[in-house]
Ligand code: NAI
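Coming up is one lone chain in structure tokens, specifically the form predicted alone.
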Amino acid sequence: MTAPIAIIGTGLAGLSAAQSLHAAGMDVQLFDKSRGSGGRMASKRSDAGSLDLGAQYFTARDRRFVDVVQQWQARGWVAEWDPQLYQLNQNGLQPSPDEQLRWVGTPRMSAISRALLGALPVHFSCRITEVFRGEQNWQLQDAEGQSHGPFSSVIVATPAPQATGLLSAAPKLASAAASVIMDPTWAVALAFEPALETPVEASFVQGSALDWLARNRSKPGRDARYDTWVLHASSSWSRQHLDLPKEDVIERLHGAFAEVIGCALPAPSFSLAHRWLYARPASAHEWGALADADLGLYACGDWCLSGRVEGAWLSGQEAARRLLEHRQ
């Protein structure tokens, strides 16, 4: 009997690979250092309702992803998001001409990963620190010193800097992952009572500590008890203030928000900050996925492609395809 396949990481790339392998009749076991699935598509429950602090929305351009998103829509996992979109640049704050179709998970971004995970076997709060090859199969070791296995193949679906060490058994793969630079992002949520008097529901921002802001209640299915906003700092600002205390990050980005929004901004009734250390790859790649098929070691993630949500899903599909192709 063939040993199962281990997948490290339950973000969209890992879940995409898991879905394909499971549909092909393969046994998979998933591992994630967090308490829940989703990675940067996870949502955080708070006193102001559920908040999408990572990926704010996603687009679908590749026909394969368009098709699967339509299936997700039919199942109620996602909905179109058409906010009053603005942009702030040297000409000031003005409506954006961008007519891109945007999608969000409903009633929160994490609805997608939860649905994809389904009843697949998963070990949460389990940080894998080592992937090593036995005589015939793979073994995993976690941060508590526990061993997991045996596994016939391993798919590493974590951000590139975390994947590098886990790919040490395949130096070429590890080297490729090590070459990827990933940018950080500070995310801040601010809730106001009463609601801010502004038509803005989302905006791209230039020339500020911020590069994005979104009104949570403008997304389908969201809790509207508070007027809650999610702010994303720019990569450069986040890198420069990587170790700033959360209270100071909130204060500074609150100030930047006040400069952008163009209306009276009271003190928030609720606030929180989250640091995404590996928010997005600094540049796109065309690997699809990394593979040493003879060893049975693979890696996937948005960093193998475009850096977008779509790229994560496509990369997971590619990793699964290469694994299945090798077994035929």
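These figures come from a predicted structure and were not determined experimentally. Numbers follow the displayed sequence, beginning with 1.
Absent from the display: the form predicted in complex with the ligand. The rest refers to it.
Identify, from the list 269, 70, 59, 46, the residue with a heavy atom within 4.5 Å of the ligand in the predicted bound form. Partner contact (heavy atom, 4.5 Å) among the options: 59.
Could you tell me which one of 260, 273, 28, 279 places a heavy atom within 4.5 Å of the ligand in the predicted bound form? That would be 279.
Whether 96, 100 and 232 jointly form a contact site for the ligand in the predicted bound form is the question; each needs a heavy atom within 4.5 Å. Affirmative, all three are within 4.5 Å.
With a 4.5 Å heavy atom cut-off, would you call residue 198 a contact of the ligand in the predicted bound form? Looking in the predicted bound form, residue contacts with the ligand do not include residue 198, since no heavy atom lies within 4.5 Å.
How about residue 85 - does it come within 4.5 Å of the ligand in the predicted bound form, if we only consider non-hydrogen atoms? Flag for residue 85 set to yes.
Look up in the predicted bound form whether residue 185 has a non-hydrogen atom within 4.5 angstroms of the ligand, and give yes or no. Close contact exists here: in the predicted bound form, residue 185 approaches the ligand to within 4.5 Å, heavy atoms only.
Indicate whether the ligand has at least one heavy atom within 4.5 Å of a heavy atom of residue 132 in the predicted bound form. Output for residue 132 is no: heavy atoms all beyond 4.5 Å of the ligand.
Specify the contacting stretch among 243 to 251, 111 to 119, 85 to 93, 171 to 179, defined as having any heavy atom within 4.5 Å of the ligand in the predicted bound form. Going through the listed ranges, the match is 85 to 93.
Quick one: which residues from 194 to 209 get a non-hydrogen atom within 4.5 Å of the ligand in the predicted bound form? Only a single residue, 204, comes within 4.5 Å of the partner.
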